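In the form predicted alone, a lone chain appears below as structure tokens.
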Amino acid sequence: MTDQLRDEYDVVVVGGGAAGLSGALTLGRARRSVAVIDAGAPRNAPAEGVHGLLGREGIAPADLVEQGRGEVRRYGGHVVDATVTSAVRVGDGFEVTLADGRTVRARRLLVTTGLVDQLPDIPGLRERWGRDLVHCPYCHGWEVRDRAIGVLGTGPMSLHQVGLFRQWSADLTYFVHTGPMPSAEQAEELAARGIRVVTGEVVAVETTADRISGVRLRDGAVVAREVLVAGARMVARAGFLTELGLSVVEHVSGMGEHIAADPTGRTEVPGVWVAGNVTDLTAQVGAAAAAAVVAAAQINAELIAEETRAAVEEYRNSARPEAVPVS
């Protein structure tokens, strides 16, 4: 089900995952007119369930979104299946253009479009993403516990991932690949915890019966593994903001690119707010949703202040009858 898009709203939320829907829910309950525009390409679509979300542990991502959409609609919000292609400043607000040519006006924008995971170009890797190729121990660690896990060195956080996943399995191999080579101190730590280090270049992921079975190296050797961990480069989905002068920048962690914002989600462009993975690359579902609630409350407060200033101006300019003395 998709709702009819009106011409104008107090707030347009771009992105309809947990963050976007949580923000829209908060705004709807604040009696704001709000529309969620969702392109329907959730990052967690391959995952079987959402984890670490109190009260919804293990819920399928699609089911969480469907329930969230119903809650937003309950408070008068609209949910529209469409892709935003651009946003421009119009007067004190914004005009948002969709891929099908429709436009919608908004006084404020809340961007919750998430990010894209850019995986290494290794044959067989992409096909296993979100299944037995994982990236976050808190999202997937329990499900892969005690299995033969291989961590692919793909970025600056690879050794950090090795240390984390050791909590869930004692059978761990670190494939250096293009990641950081352990220092002498780190090598000692890995050895002390029984973690094997393989320095050869990874050229392919082997699968058997639609499951990962091993990692093939440049020299032809195959190291048997059941689960792989890869730290993808994470890049915010925010190209449509370019005309507003808002672009992605490198994250301080070196893990990818994000839209910079203050702790409440306010960006450097007045009226544009962000929440979730588009700004916080490592936020899990619960954290992304919570950040959107904070941003939504700030947006509502900003709109209240704007409306109060307008009311005061109108009050001052109105013709007021002289006070009648009380005898």
Ligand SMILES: Cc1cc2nc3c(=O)[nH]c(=O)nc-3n(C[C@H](O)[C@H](O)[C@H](O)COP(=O)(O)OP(=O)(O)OC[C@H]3O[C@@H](n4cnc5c(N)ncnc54)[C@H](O)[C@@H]3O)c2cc1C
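A quick note: this is a predicted structure, and the numbers were derived from the prediction, not measured. Just count from 1 along the sequence shown to find any residue number.
Not on display, but discussed next: the form predicted together with this ligand.
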Exercise. Does any heavy atom of V14 come within 4.5 Å of a heavy atom of this ligand in the predicted bound form?
Worked result: yes
Exercise. Would Q284 sit within 4.5 Å of this ligand in the predicted bound form, counting heavy atoms only?
Worked result: yes
Exercise. Does at least one non-hydrogen atom of A19 fall within 4.5 angstroms of this ligand in the predicted bound form?
Worked result: yes
Exercise. Given that the partner is absent here, does E257 sit within 4.5 Å of this ligand in the predicted bound form, heavy atoms only?
Worked result: no
Exercise. Looking at 101 to 109, 207 to 215, 233 to 241, 247 to 255, which one sits within 4.5 Å of this ligand in the predicted bound form if you count heavy atoms only?
Worked result: 233 to 241
Problem set entry | Candidate from L125, A82, I195, V176 lying within 4.5 Å of this ligand in the predicted bound form - any heavy atom | A82
Exercise. Of C139, L190, L159, V144, which one comes within 4.5 Å of this ligand in the predicted bound form, counting heavy atoms only?
Worked result: C139
For this session: At a 4.5 angstroms cut-off on non-hydrogen atoms, which residues of 13 to 48 are near this ligand in the predicted bound form? List them in order.
Result: V14, G15, G16, G17, A18, A19, G20, I37, D38, A39, G40, A41, P42, R43, N44, A47
